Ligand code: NAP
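Okay, so here's just one chain, in structure tokens, the form predicted alone.
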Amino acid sequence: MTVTVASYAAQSATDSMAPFNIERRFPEQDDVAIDILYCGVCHSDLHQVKNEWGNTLYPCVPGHEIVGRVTDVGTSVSKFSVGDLVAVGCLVDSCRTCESCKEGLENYCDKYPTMTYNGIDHRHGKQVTFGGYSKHIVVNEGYVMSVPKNIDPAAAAPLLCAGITTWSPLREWNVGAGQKVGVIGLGGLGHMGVKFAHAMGAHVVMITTSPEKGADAVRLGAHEVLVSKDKEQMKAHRGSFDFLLDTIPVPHPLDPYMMLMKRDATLALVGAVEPMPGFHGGMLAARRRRIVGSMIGGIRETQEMLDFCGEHEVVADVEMIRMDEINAAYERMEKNDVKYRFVIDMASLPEA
């Protein structure tokens, strides 16, 4: 059985987002039904809608930064109750049997996780998944997380992608007190990287090409600002960083940043998902430096991040929009005109 739910969808790469009714399943015994309150707008949504990665399945209902209230639970659900404030991130299922899934790293599922939108739901008839630009969603309880009651639920929504994408490498490489950490790029990811690294006790340096972003970086928690176009500033910081979080979303040279790293330091790439230009291998070998990649996080890790946000009152800086403002928001995103994440108030979407 299914229920008709209002959403916003793109019908093709050239169509604007527009109202579209979708079908959601009734909760099965291990499912949680959620009325969506807020959904963050990720740059991935824009890439997917425009088919810039060449894999979009239309109609496409984006949205993988979801916060909402539980309205119903299946008979075997034990983690959640009606009325709970919960979250859904970038994935809604995985194989559950591979080594990565067993270790709580469902995001690295060997058989590829089922993404919250533009994925294939193999457990329910190979249906295409529809995301959070909608009134309602049904998700297996193993892929739902609790939201702390003391943080703003709207500002919590971007934690489900921008938050976990930056949290995961910071935790994996043990960022903390006594370390000098550079966050490269101040956007949706970068602003969360600054907040997390600061809350973890590190000495945080915002690394940017734009001097005018300095004041905002300090407001967000950076202790210093390094303008990467300034050769003297770069020279002064050479060989001093324990960890660099690279959030730049487009291909770019890495050699200038490697010069900043100590021996055994790590540079984690979380922004660029396209081919990168080559780098000087000798700069890695001479100081035993590391370049690593990281992609979102598993469910257990994401819950840990949300709990940390509750403890330290860390949320995203957001601009609230109505559902019918999404096309204008996409245009602004293309111009980097947002500080630092759009969030849709789903109450603005009429019922189906």
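All of these numbers come straight from a predicted model, not from anything done at the bench. Note that residue numbering begins at 1 and tracks the sequence as displayed.
What follows is about the form predicted in complex with the ligand, which we do not show.
Visitor: Residues Gly188, Thr208 and Val273 are flagged as a possible site; in the model of the complex, is every one of them within 4.5 Å of the ligand by some non-hydrogen atom?
Guide: Yes: Gly188, Thr208 and Val273 each sit within 4.5 Å of the ligand in the model of the complex.
Visitor: Only one of these stretches, 288-296, 29-37, 66-74, 309-317, has heavy atoms within 4.5 Å of the ligand in the model of the complex; which one is it?
Guide: Single hit among the candidates: 288-296.
Visitor: Consider Ile248 of the chain shown here, and say whether it contacts the ligand in the model of the complex, taking contact as heavy atoms within 4.5 Å.
Guide: Close contact exists here: in the model of the complex, Ile248 approaches the ligand to within 4.5 Å, heavy atoms only.
Visitor: Is Cys161 one of the residues lying within 4.5 Å of the ligand in the model of the complex, judged by heavy atom distances?
Guide: Yes, Cys161 sits close enough to the ligand in the model of the complex that at least one of its heavy atoms falls within 4.5 Å.
Visitor: Would you classify Asn336 as touching the ligand in the model of the complex, given a 4.5 Å non-hydrogen atom cut-off?
Guide: Although the ligand is absent here, Asn336 would touch it in the model of the complex, with heavy atoms inside 4.5 Å.
Visitor: Although the ligand is absent from this view, report whether Arg300 comes within 4.5 Å of it in the model of the complex, heavy atoms only.
Guide: No, no contact at 4.5 Å.
Visitor: Looking at Cys42, Ile326, Cys60, Met305, which is the one with a non-hydrogen atom within 4.5 Å of the ligand in the model of the complex?
Guide: Checked against the cut-off, the match is Cys42.
Visitor: Here the chain is shown alone; which of His136, Arg171, His203, Lys213 has a heavy atom within 4.5 Å of the ligand in the model of the complex?
Guide: Selected residue: Lys213.
Visitor: What residues of 48-79, in sequence order, lie within 4.5 Å of the ligand in the model of the complex by heavy atom?
Guide: Just Trp53.
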